[in-house]
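Only one chain is included here, represented as structure tokens and corresponding to the form predicted alone.
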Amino acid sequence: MRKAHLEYLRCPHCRGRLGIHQVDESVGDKIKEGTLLCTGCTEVYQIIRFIPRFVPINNYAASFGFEWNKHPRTLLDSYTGLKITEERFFNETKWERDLQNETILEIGSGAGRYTEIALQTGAFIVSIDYSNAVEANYAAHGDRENLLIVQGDIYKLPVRRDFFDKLLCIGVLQHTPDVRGAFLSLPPFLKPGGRLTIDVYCKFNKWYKDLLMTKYYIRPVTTRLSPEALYRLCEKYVNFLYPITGLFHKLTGISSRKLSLIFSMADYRGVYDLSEKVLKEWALLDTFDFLSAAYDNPLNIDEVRVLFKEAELEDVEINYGYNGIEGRGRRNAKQHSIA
């Protein structure tokens, strides 16, 4: 991080300003190793490998840190050569492509799939993840002038309130222990009038559709395994099943997406025009993803509507989208919190 980045940060405990406490190693104008000190409660936070850390490096999101450091580029448009993430980013957010002089708060960055696109808008991005996936994001994008990467907690975000023009939280909420609390923690960090975009896994209203979600039958076992052990099992499972489901799709005409639900193996053949190599990488990555996450808490569309109403957001749009249910809203211009 750079000293100028202190402008965006706040103590997650008392909301006090932070200052540079100690610099142990720097590279140019970037602090690689050091500490931050809260001027209010005197809490000290570490800077490790250029990233300010407000949570333990390893935590309940360790599986995400493992997968994104194992697959740091797999989902990036710059790796696939397609604009899959770019199209999803702008279709979900409905934001302008030129956001010069604006600030975006990204919650749950993973390896930086959406960070890569957000950076192209020209906005300044503060990108936060709870897991050590921040390492992968920094490796890919850490040299960008308009980016600050932080390891922090969605329930105690270490940034300024009433400050950001835009807020993005995609692929995150269902993996938190308290979805409602996680969602309601977000709007106070927007400026009054600032815009928010989230998505969440969809909980089916039809009981027979839930029965097809076979991952929920085996997650009680897979979530108890170490990330390393589960990843090895997923590799074997995907290698064995991938040609079989491909043949099954050809013989029956059942879509790859439906087969994914039944066999608990992600399959994007026929969905995205990716190379066979990348399609199989995506299959392994996403199979591991939905079997390893400590929490998997989907919502139905009415539950999402209730959350937006409780947050008193305006101009609300909620619909079924890319990954389940997506929602957009604008913070009430009269709302104001204590920074």
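Remember, it's a predicted structure, so these values are computed and weren't measured experimentally. Heads up: residue numbers just count along the shown sequence, starting at 1.
Note that the form predicted together with a small molecule isn't included here; everything after this is about it.
Peer 1: In terms of non-hydrogen atoms within 4.5 angstroms, which of the given stretches 214 to 222, 164 to 172, 231 to 239, 252 to 260 touches the small molecule in the predicted bound form?
Peer 2: Going through the listed ranges, the match is 164 to 172.
Peer 1: Name the single residue among Tyr130, Phe124, Phe183, Phe189 that comes within 4.5 Å of the small molecule in the predicted bound form, judging by heavy atoms.
Peer 2: None of the others qualify; the residue that does is Tyr130.
Peer 1: Just one of Ala283, Ile31, Ala61, Val304 has a heavy atom within 4.5 angstroms of the small molecule in the predicted bound form, so which one?
Peer 2: Only one listed residue qualifies here, and that residue is Ala61.
Peer 1: Does the small molecule get within 4.5 angstroms of any non-hydrogen atom of Gly194 in the predicted bound form?
Peer 2: Output for Gly194 is no: heavy atoms all beyond 4.5 Å of the small molecule.
Peer 1: Within a 4.5 Å heavy atom cut-off, is Gly108 in contact with the small molecule in the predicted bound form?
Peer 2: Yes, Gly108 lies within 4.5 Å of the small molecule in the predicted bound form.
Peer 1: So, in the predicted bound form, is Ile84 in contact with the small molecule at a 4.5 angstroms heavy atom limit?
Peer 2: Residue-level check for Ile84: no, no contact with the small molecule.
Peer 1: Check Phe204 for me: does it contact the small molecule in the predicted bound form (non-hydrogen atoms, 4.5 angstroms)?
Peer 2: No.
Peer 1: Taking Pro72, Phe89 and His141 as the candidate spot, are all three within 4.5 angstroms of the small molecule in the predicted bound form by heavy atoms?
Peer 2: Result no, not one residue of the spot touches the small molecule.
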